[in-house]
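First structure 1, then structure 2: two forms of the same chain, each alone, as structure tokens.
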Structure 1
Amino acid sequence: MTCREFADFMMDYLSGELPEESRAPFERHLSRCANCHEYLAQYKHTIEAGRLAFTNPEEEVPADVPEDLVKAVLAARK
């Protein structure tokens, strides 16, 4: 498995949807490639940060968040 293939399979791996025949090569690559190991760790942190950011969708945006940033995020969601 290449690093590019590894990246393509990360979401399925974390969700438990990676087929068994792909799981062993994925985990073997993970155990041997420090870069992909770090990439997967950062990917997990990003997912968790996203979950935390939306734990309360009714919560007001803090006053110190720039208005341009808020507008850009809302535009990107459309």
Structure 2
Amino acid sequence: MTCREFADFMMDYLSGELPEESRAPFERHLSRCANCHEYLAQYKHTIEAGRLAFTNPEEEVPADVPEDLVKAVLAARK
């Protein structure tokens, strides 16, 4: 298995969807290629970082209430 093929299989490997016949060569490559080992680790860190980036919703909220939007919504409801 090449590094390119390894990278193609990473998502299915992590979600447990990689078929048996590909899993063994994948894991063999993982144990032998330090660079792909690191690449897979960073791929996992990326998913985790994305998830954690939005854990504090207040950070993205504008400090002021968008008055014009509030007025527009209340007017549209009537």
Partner chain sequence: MQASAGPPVASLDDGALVARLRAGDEEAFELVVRTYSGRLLAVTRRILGSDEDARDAVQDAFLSAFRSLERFEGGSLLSTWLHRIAVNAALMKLRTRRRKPEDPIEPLLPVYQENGHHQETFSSWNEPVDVAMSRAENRARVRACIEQLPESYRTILLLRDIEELDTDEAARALGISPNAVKIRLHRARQALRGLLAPHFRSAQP
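Here, a residue number simply tells you its place in the sequence of structure 1, counted from 1. Heads up, when I say rigid core I mean the largest set of C-alphas that superpose within 1.5 Å between the two forms. Predicted model only: the values in this text are computed from it and were never measured.
Novice: Specify the structure that is the form predicted in complex with its partner chain; exactly one of the two qualifies.
Specialist: Structure 2 is the one predicted in complex with its partner chain.
Novice: Under a superposition restricted to the rigid core, does residue 64 display a Cα displacement of 2 angstroms or more between the two structures?
Specialist: Comparing the forms between the two structures, which are aligned on their rigid core, residue 64 does shift its C-alpha by 2 Å or more.
Novice: After a rigid core superposition, would you say the CA of residue 73 moves by 2 angstroms or more between the two structures, or not?
Specialist: True for residue 73: a C-alpha shift of 2 Å or more.
Novice: Determine whether the C-alpha of residue 55 shifts by 2 Å or more between the two structures once the rigid core is superposed.
Specialist: True for residue 55: a C-alpha shift of 2 Å or more.
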